[in-house]
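In the block that follows, a single chain appears as structure tokens, in the form predicted on its own.
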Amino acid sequence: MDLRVSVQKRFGTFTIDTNFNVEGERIGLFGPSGSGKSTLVGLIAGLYHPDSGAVFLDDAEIFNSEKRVNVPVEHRRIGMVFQRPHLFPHLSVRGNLLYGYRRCEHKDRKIKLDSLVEVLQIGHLLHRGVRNLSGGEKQRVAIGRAVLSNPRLLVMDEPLSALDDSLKFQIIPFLKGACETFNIPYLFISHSLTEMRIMTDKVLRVVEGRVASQMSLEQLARAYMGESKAGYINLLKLRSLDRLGNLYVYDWGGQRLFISGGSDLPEAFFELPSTDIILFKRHPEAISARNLLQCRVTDIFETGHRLGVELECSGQRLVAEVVRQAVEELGITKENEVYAAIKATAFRRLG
């Protein structure tokens, strides 16, 4: 996807005034509530009419105020998934799924119902009324309806924010799986750093009605390290191995991690705050933490008043946070060998 946007729009005292180009398949729009993320994608999708400017999606000019080009919403082929499912209550699940498909031109009907149903695992729901669905099932149907409209771009506007954590991380594989299976690029809107890092490859940071910067996920995580009490949040996808008393044992690149808040699922995502990793220059003789990893320092970076130490641990990556005095006293420099100690209780399971 190649998206070029230069638009201006005033809504009372709030103004969208931005100019950016972005290429990619999994693009995030990140920013606090009220920064203009949803309004901006509404201008791109045609839900709102810019006061001036132009919007290009790939090789198509879908809006240009000077040329008086304004492609109608229904012809832009931009699918939408919102925070709430907004399903049609008078239609069955099958009827909701086919709603957009039946309004799609025959030449663009490349995604078929059976294929989509298999990816989203909703075959058993097809004949149900939507009032008889759980929150997670409704959101899967909403995703399916948008995908089955065969869009050239999918906009997901806070699609997970109305769900609790357990449902949220059940839905994420379906969101990503549908877009990857059918090669649909997307814009993913959220104010959650964790969601952004799982769902996207590149981020547009939206501030007061404009795209202030483009950045990688690592740049975003480091930028917000100084704003969180937990510091940098490490995201780990772990494979379950065993139980040892009240601890769960997970595989992480051939290493065993002991976690107190695990689950019986075969795989799970965990958050690990950088502030919960303690570094040692030498192997400690005794320690209460259940996890002790031998690592190599690959980078030391500063964000605000905080220092992050990037570690390579048997091919895996972690970021620990230390104060400057500790770096100096331990003599930590790039390529040093250190030991990282992590309590079993430091990990937070997502979902």
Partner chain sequence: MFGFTHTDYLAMLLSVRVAVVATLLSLPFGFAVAYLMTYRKFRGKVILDVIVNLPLTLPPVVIGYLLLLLLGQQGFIGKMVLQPLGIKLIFTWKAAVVATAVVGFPLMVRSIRTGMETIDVRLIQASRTLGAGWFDTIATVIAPLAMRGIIAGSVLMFARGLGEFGATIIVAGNIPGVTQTIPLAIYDYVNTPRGDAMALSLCVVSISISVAMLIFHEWLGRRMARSD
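Everything numeric here is computed off the predicted structure, so don't read it as measured data. Numbering follows the first chain given and starts at 1.
Only in words, not in the display: the form predicted in complex with the partner chain, which the text now covers.
In short, of 175-183, 271-279, 211-219, 140-148 it is 140-148 that has heavy atoms within 4.5 Å of the partner chain in the model of the complex. For the chain shown alone, residue 48 is a contact residue for the partner chain in the model of the complex, at least one non-hydrogen atom being within 4.5 angstroms. Residue 99 belongs to the set of residues with a heavy atom inside 4.5 Å of the partner chain in the model of the complex. The partner chain is not shown here, but in the model of the complex it comes within 4.5 Å of a heavy atom of residue 74. Although the partner is absent here, residue 78 sits close enough that one of its heavy atoms falls within 4.5 Å of the partner chain in the model of the complex. In terms of contact with the partner chain in the model of the complex, the residue from 127, 243, 103, 239 that brings a heavy atom within 4.5 Å is 103. The single contact residue among 123, 266, 89, 254, judged by any heavy atom lying within 4.5 Å of the partner chain in the model of the complex, is 89.
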